[in-house]
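Only one chain is included here, represented as structure tokens and corresponding to the form predicted alone.
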Amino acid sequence: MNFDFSDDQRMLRDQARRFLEENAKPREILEGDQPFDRGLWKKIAELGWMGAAISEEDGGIGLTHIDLCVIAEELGRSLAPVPFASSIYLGREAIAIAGSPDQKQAHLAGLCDGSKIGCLATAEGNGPLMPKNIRAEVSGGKLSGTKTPVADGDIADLAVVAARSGSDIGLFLVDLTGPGVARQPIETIDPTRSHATLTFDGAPAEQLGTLADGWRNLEATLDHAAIMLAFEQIGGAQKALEDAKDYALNRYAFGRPIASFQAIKHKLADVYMKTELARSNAYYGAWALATGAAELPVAAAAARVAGSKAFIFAAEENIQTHGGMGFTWEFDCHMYLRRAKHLALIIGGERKWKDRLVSQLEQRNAA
């Protein structure tokens, strides 16, 4: 198997990096009052990135999931302040996995051209995502309950909601601009990625897929998202490492660059090793996703755990390498730590994914 990118994918990566270096301005969102960069979102839509991994018949551009992973790494590197993860990795993937042909026809095109923003609403406060913790309920096509926090729930047009229907857990499509929906923005550690509490009071809900397959479809969606988020995490970790290295080469102490001190060398070497370990797991996940391999759940969980560890570690060590300057608002170090913490929780924390990795390995070994 080949874990490297093709020439076309490398060209896509280079073009995406140049574009985002010129256009992604997360600090403007951090210091302003807008929930996301609408201008950047429009430009990304024009580039067609949101249509990657969706067929042209369903409104996409026909690229593969590996191409989408390439884009994800550059979005993570730039800290792009747009709802790409919520709308594409989560909302769009759920519809692509579980939706009927009519549902795909109705919703995928709008998500792929950026005219609609999607999200996935699963959490109901503290606690792991488990069937017993889902209390939102659909009865007679009406949804009632509360979901919090929901990434980009304050700006999304369409939500895929995990809710109970009788004894089953299903996925349901809800128009967030319709009746029976109340939204309350909430503050999180990363203001460049907005969140909200969504309260449903008899909101019309359309079943997505079958109830019997609801939980399986949700897990499949999260596996897909875990791999793409892992690429965002290694993109952020790599940029944090580069920033730390550049600062260490240019910051002098006792007449020499601090990069020449053994403590700094070991610190950056540790970041490099964790980032490369995460990269190898992410590449394995991308292969499993693109080929539909049976190893996909294991590869997704491994990529998720390694990516979360690598980005948080790289962001923390970047701050430490910068010393006192790393704790100031003027430097961007804190922005990478904010995003690292956010991405580590957006689809469940590290413990959840470690448990999933162990359970999947046990199932595979028992077979």
Partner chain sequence: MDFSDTPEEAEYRAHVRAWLDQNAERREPGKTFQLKYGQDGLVPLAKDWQAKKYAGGFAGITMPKEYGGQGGNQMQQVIYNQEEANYVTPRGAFEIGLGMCIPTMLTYATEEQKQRFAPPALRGEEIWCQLFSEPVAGSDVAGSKTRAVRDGDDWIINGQKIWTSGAHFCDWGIIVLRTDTSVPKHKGMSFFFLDMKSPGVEIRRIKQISGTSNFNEVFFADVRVSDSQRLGGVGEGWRVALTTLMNERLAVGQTPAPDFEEIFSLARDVELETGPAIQDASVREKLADWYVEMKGLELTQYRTITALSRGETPGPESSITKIISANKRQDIANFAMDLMDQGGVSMDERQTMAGMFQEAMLSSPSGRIAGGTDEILRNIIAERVLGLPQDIRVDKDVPFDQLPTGR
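Note that this is a predicted model, so its numbers are computed, not measured. Residue numbers count along the first chain shown, from 1.
The form predicted in complex with its partner chain exists for this protein as well; it is not shown, and the discussion that follows is about that form.
- A heavy atom within 4.5 Å of its partner chain in the predicted complex is found for one listed residue only; from 216, 142, 251, 183, this is 251.
- When its partner chain is considered in the predicted complex, only one residue from 39, 62, 48, 323 comes within 4.5 Å through any heavy atom, namely 323.
- Of the candidate stretches 155-163, 168-176, 261-269, 288-296, only 261-269 contains residues with a heavy atom within 4.5 Å of its partner chain in the predicted complex.
- Although the partner is absent here, residue 212 sits far enough away that none of its heavy atoms falls within 4.5 Å of its partner chain in the predicted complex.
- At a distance threshold of 4.5 angstroms between non-hydrogen atoms, residue 202 is out of contact with its partner chain in the predicted complex.
- Under a 4.5 angstroms non-hydrogen atom cutoff, its partner chain in the predicted complex has residue 352 among its neighbouring residues.
- Its partner chain is not shown here, and in the predicted complex it never comes within 4.5 Å of any heavy atom of residue 206.
- Proximity of 24, 77 and 81 to its partner chain in the predicted complex is absent: no residue of the three has a non-hydrogen atom within 4.5 angstroms.
- Within 4.5 angstroms of its partner chain in the predicted complex, the stretch 114-130 places a non-hydrogen atom from each of 122, 123, 125, 126, 127, 128, 129, 130, taken in sequence order.
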